[in-house]
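One chain is shown next in structure tokens, namely the form predicted alone.
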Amino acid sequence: MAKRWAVALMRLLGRNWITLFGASLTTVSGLAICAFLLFGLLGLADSPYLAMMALLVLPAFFVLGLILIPVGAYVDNRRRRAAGNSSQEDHRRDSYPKVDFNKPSVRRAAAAAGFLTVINVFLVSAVSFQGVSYMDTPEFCGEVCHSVMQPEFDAYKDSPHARVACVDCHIGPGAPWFVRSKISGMGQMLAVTFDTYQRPIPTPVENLRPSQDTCEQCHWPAKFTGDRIKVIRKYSDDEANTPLTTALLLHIGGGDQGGSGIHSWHIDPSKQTTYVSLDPQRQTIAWVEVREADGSLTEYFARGQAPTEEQRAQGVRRIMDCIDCHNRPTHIMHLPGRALDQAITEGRVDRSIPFIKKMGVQVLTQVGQVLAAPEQIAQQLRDYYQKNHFEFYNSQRAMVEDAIREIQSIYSRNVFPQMRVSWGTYPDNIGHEYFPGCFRCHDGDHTTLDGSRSIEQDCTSCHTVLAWDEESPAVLSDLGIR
């Protein structure tokens, strides 16, 4: 019985090398796919490259083998007809194979073809679905092209959006943007393959989908209104690492009815704000246009001067949306002081270590972009505490070593020498303490041509200062905020 099925299968596949090669390629690829998937289900292997092989590379060989099977049969049929060319009538008679289901061999061949077709359709459908799903995972986006995406992926894992899939923000719902992203991804894949990508990866991303289709699926402005208290904790450079607290009452604004506040002025649905930047990172704003609901237009120019023809040609016009201020909501790269303040606040670095804030910032800033920087950080900090605070270091060595590891981790999360990413490579436009941010436009220098109006720099427009670098702000105690 098995022999008959084997004979039927051989007749189905033919005896030419193309068909046999295709069948072998499909069989080996199919078995390898099943093996890789089984390894993944059993937890025997956990690697983005294993998933890429099982869901993307091997399926391509599997389908190629399926294509070669009929191609080989067609070529073999043409060869046989050419070899037995007796007359034009024979050609017409032998153009199509004779299928006679009265013959057991034909029935067995048809059954074998049907069975294999069902298996192939099932396997291709299942793997195709899993492959498309896999391409939407953060692991695929961040780990397959590890060296390129490591800065962004490491920042993503340490961000407030660490549980949000990359595609939710970079692609959003719907097939059109999914297709556009995959077409764009082909160019990126070629750049990685031939090592032609830029270092560092330039930002912001060009032609990113409008935030109304992505960010506002969760953060629509009408639901983020009113005032919010923001508490900022820092630590001094003194021996005690004295905590300093700033408390701001942010005037968020927002809602559908307009009004005052940050969101109301910038993303009011009843008006449109357009700006023109002169640099790729959108840090130099040449002029701003505000179109009101009644159609009136107000233009604000840097230094009150109309742009030159060169600036008009160089400038990039953009309608303002969420990511013009929230430009690093996920891929957050901290500066040394800010990162160390956060680590101390969260207890990852003990504040009782003398001068840990000052020395941590100092060594982080000094080491620069070198691969051996973590080792240099550890050595410099150990030398400092052994020389200047020997008794403390000797009695609290574990505490100091924990702090050293965290400071090394801060460096590794924010500086990537292989991608030429260092402190401050990527500006963060929220606020104006570390980068120009708000002051790109709110510098008091963007005015109308006649000078009668300007984009104001009044601090109270966006926030009210409740406390500024105070050790124990009374206002927070009154509000019950610790």
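The structure displayed is predicted, hence computed values, not measured ones. Residue indices: 1-based, along the sequence shown.
Same protein, other form: the form predicted in complex with ligand HEC, not shown, and the subject of what follows.
- Message: Just to be sure I understand the contacts: of Tyr197, Phe355, Tyr384, Tyr300, which is the one whose heavy atoms reach within 4.5 angstroms of ligand HEC in the predicted complex?
- Response: Flagged contact: Tyr300.
- Query: With ligand HEC left out of view, which of Arg108, His389, Arg328, His334 would have a heavy atom within 4.5 Å of it in the predicted complex?
  - Reply: Checking each option against ligand HEC in the predicted complex, the one that comes within 4.5 Å is Arg328.
- Task: Would you point out which of 308-316, 179-187, 68-76, 199-207 contains residues with a non-hydrogen atom within 4.5 Å of ligand HEC in the predicted complex?
- Result: Among the listed stretches, the partner-contacting one is 199-207.
- Give a yes/no on whether Arg420 approaches ligand HEC to within 4.5 Å in the predicted complex, heavy atoms considered. Looking in the predicted complex, residue contacts with ligand HEC do not include Arg420, since no heavy atom lies within 4.5 Å.
- Message: Contact with ligand HEC in the predicted complex for Ala51, defined as at least one heavy atom pair within 4.5 Å: yes or no?
- Response: Looking in the predicted complex, residue contacts with ligand HEC do not include Ala51, since no heavy atom lies within 4.5 Å.
- Residue contact check: Cys441 to ligand HEC in the predicted complex, 4.5 Å heavy atom: Yes - in the predicted complex, heavy atoms of Cys441 and ligand HEC come within 4.5 Å of each other.
- Query: Applying a 4.5 Å heavy atom distance criterion, does Ile455 contact ligand HEC in the predicted complex?
  - Reply: Within the cut-off, so yes.
- Query: Within 222-238, which residues come within 4.5 Å of ligand HEC in the predicted complex, counting heavy atoms only?
  - Reply: The stretch touches the partner through Phe224, Thr225, Arg228, Lys230, Ile232, Lys234.
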